[in-house]
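Below you'll find only one chain, the form predicted on its own, shown as structure tokens.
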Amino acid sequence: MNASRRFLIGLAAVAGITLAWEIAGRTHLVEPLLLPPPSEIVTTAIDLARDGYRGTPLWQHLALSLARALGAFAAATLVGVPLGLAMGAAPGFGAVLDPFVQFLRPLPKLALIPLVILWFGIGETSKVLLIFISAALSIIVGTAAAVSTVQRQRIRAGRALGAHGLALFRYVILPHILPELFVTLRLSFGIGWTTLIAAEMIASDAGIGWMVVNAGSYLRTDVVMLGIVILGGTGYALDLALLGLQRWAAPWSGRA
């Protein structure tokens, strides 16, 4: 199935679900307090874009959340990729670090909130750190797994042709792992993005995640749904950006 047809099918599915959702809300098949119709969410979006939420403009809530998530993800990539490469290339180092990584990776990040507050306070550092931990651990594991799949025959062939050190990494290892590395980064960003709400629970007064939690406490379901739409749409857009970067940096990805 070509890309255009997939896009049209997806667009039709979204339109159909949105229409059914609107009809269900308008006819009270579903109580609007529990699930407001899309038209009400659009009205809420217009109101918040004009007046803000709790004294903060909507764009500022989004900008703050993006700054936290993207800053943490950039740091996680800078730390996680080299560590993962080292773990995959040096089995001894991997054996030392792997138990700690595998212990922390499935740990619910909400459980870390009390310790993070105790150690780093309630400022921006705590929020960014939670997102960083979530993304970095997945990046480390994925990168190490990608390196371990490089066939030893390729490495020996590269060395036989005179490639050593950085040249071996650049011309043999990196082309092999780059597609899988991008998949890891996309998955890890999704994990970090979902941690945003937990991070913004730490004494925040702004951010999309905070807005969702705060609106829920006041039964503002329309604001909650708007926040969910913004979080999902923004995360989807950023994933598409990473996918585009993957196609540019590794155009051979997915080809036989």
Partner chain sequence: MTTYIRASRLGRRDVLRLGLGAGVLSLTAARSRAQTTAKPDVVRIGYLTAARAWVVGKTDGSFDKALGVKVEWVPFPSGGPALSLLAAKQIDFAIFGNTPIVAGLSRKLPIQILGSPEIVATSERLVAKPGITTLRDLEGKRIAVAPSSTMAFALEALIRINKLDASKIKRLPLSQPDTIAAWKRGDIDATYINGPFWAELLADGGRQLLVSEQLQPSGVFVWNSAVVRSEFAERFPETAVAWLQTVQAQFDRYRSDPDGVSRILAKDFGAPFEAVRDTLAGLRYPTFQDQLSAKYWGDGPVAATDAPLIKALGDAAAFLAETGEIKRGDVPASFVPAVNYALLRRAFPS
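Numbering follows the first chain given and starts at 1. Here the structure is a predicted model, which is why all the values come from computation and not from measurement.
The same protein also has a form predicted in complex with the partner chain, omitted here; what follows describes it.
When the partner chain is considered in the predicted bound form, Phe93 lies well away from it, no heavy atom lying within 4.5 Å. The partner chain in the predicted bound form comes within 4.5 Å of a heavy atom belonging to Arg54. Although the partner is absent here, Leu118 is a contact residue: one of its heavy atoms lies within 4.5 angstroms of the partner chain in the predicted bound form. Among residues of the shown chain, Ile113 is one whose heavy atoms approach the partner chain to within 4.5 Å in the predicted bound form. For a residue to qualify, one of its non-hydrogen atoms must sit within 4.5 Å of the partner chain in the predicted bound form; none of Gln60, Glu180 and Ala241 qualifies. For the partner chain in the predicted bound form, the listed stretch (63-71, 34-42, 227-235, 187-195) containing residues with heavy atoms inside 4.5 Å is 34-42.
Interface residue among Ala145, Ile122, Leu107, Leu78 relative to the partner chain in the predicted bound form, by the heavy atom within 4.5 Å criterion: Ile122. Contact residues in stretch 185-224 (any heavy atom within 4.5 Å of the partner chain, taken in the predicted bound form) are Ala203, Ser204, Asp205, Asn214, Gly216, Ser217, Tyr218, Leu219, Arg220, Thr221, Asp222.
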